[in-house]
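Here's a solo chain for you in structure tokens, the form predicted on its own.
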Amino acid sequence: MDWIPTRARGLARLTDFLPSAGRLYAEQRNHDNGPAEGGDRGNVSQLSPWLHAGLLGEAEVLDAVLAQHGPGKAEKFVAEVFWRIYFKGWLEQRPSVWASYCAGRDAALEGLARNAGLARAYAEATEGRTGIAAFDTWARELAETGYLHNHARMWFASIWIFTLKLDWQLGADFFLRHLMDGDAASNTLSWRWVAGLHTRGKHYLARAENIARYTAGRPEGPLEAPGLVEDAGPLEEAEEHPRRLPELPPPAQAEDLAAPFALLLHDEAAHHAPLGLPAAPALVIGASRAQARSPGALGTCAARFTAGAMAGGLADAAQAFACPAVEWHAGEPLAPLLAEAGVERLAVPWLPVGWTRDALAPDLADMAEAGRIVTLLAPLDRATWPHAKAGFFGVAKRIDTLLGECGLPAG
């Protein structure tokens, strides 16, 4: 498996996966068969890095899968895509969860500096030296490839929290620094779900026999996980996170972008194609802020994918719109870039709760207040997020309706 961070490679990967997106995916998706170069990961799509970077859109992936398999056979895969959308919508309504995570992460990192024993345990975990073979394999695999199978992520998080008794926020940070698809919503809320914080009182305990069963297809054979904690209660938090749905922008119309404007591409919307722009920009601006993911250094694979996605997105947009493309670096003023191109308005793909918004929103606040920003939001997000109020069931029972509302094949 190659991880070339371009839209063309993402589309090719989608084409390769399509035959497996129906019954095979439903039956085999939970099996972690090892890294693609040594195992066979055709049972899962591995599209998440391209989706996270915005090189592909959820709607076009769903459209392709449903066209080939229909809603019945593709039900499980469709649900997995909606989990991504649900997590984003859930976090949009509770931004304090992200703020709490960041504060807890920073405090936990400071704690490492004060506690040599804790720092040693953290180093053993992140370097794959715990003595738990399965966990150590995944720790090294993550650092070396920038990817982990979804089931492995759950096992890893469970072992980190309940067996190694490390702070979950440190584990979530470790993932964000290394995952090519390190999504603020999916990652944070998945770790909270394993810990028992997302759905209060419902946590996930990894079992050695379960790990062996679902890793039997790896080239080296089933992974062993001796000494796992088998009886532990969920984590608890005193903080409450009130819910409020933000005001969602209407679909952008051609008249909204009638005057010359610039298109801003960011780390979660690095390509123009999924955005469905109703007009062509006079300038394309790339605003990568990948380092804002964490106070720590990004892993090589995550950094490479992010940088490549932005570079490719800028090049493709410049060619598609026959306009200049420039980079807006952190700490630099935006106004000179706009003035040089003679534009006053900016089209900005939705800044999701997480580091992308933290890094960019303050620098765009004056333009937003002056009404010079047109925010772009995918129709599937606009339709789904209002239903992401509590558990996933609220979204799951409406999937067919949501697909139909967005012009996608529905059951």
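Everything numeric here is computed off the predicted structure, so don't read it as measured data. Start at 1 and count along the sequence shown; that's the residue number.
Beyond what is shown, the protein has a form predicted in complex with a small molecule; the following relates to that form.
S.K.: Just to confirm, with a 4.5 Å cut-off on non-hydrogen atoms, which of D181, D267, E92, D316 contacts the small molecule in the model of the complex?
M.R.: None of the others qualify; the residue that does is D181.
S.K.: By the heavy atom within 4.5 Å rule, which residue out of F261, W328, F77, F135 makes contact with the small molecule in the model of the complex?
M.R.: Among F261, W328, F77, F135, a heavy atom within 4.5 Å of the small molecule in the model of the complex occurs only for F77.
S.K.: Look at the stretches 298 to 306, 218 to 226, 96 to 104, 186 to 194 and give the one with heavy atoms within 4.5 Å of the small molecule in the model of the complex.
M.R.: Careful reading of the contacts points to 186 to 194.
S.K.: Give a yes/no on whether S45 approaches the small molecule to within 4.5 Å in the model of the complex, heavy atoms considered.
M.R.: Contact check for S45: yes, within 4.5 Å of the small molecule in the model of the complex.
S.K.: Even though the partner isn't displayed, in the model of the complex is L148 close enough to the small molecule, meaning a heavy atom within 4.5 Å?
M.R.: So L148 counts as contacting the small molecule.
S.K.: Mark L360 yes when one of its heavy atoms lies within 4.5 Å of a heavy atom of the small molecule in the model of the complex, and no otherwise.
M.R.: Taking the distances in the model of the complex, the answer for L360 is no, it never comes within 4.5 Å of the small molecule.
S.K.: Can you tell me if W83 lies within 4.5 angstroms of the small molecule in the model of the complex, counting non-hydrogen atoms only?
M.R.: Yes, W83 sits close enough to the small molecule in the model of the complex that at least one of its heavy atoms falls within 4.5 Å.
S.K.: In the model of the complex, does each of I159, F162 and H198 have a heavy atom within 4.5 Å of the small molecule?
M.R.: The answer is no: none of the three residues contacts the partner (heavy atom, 4.5 Å cut-off).
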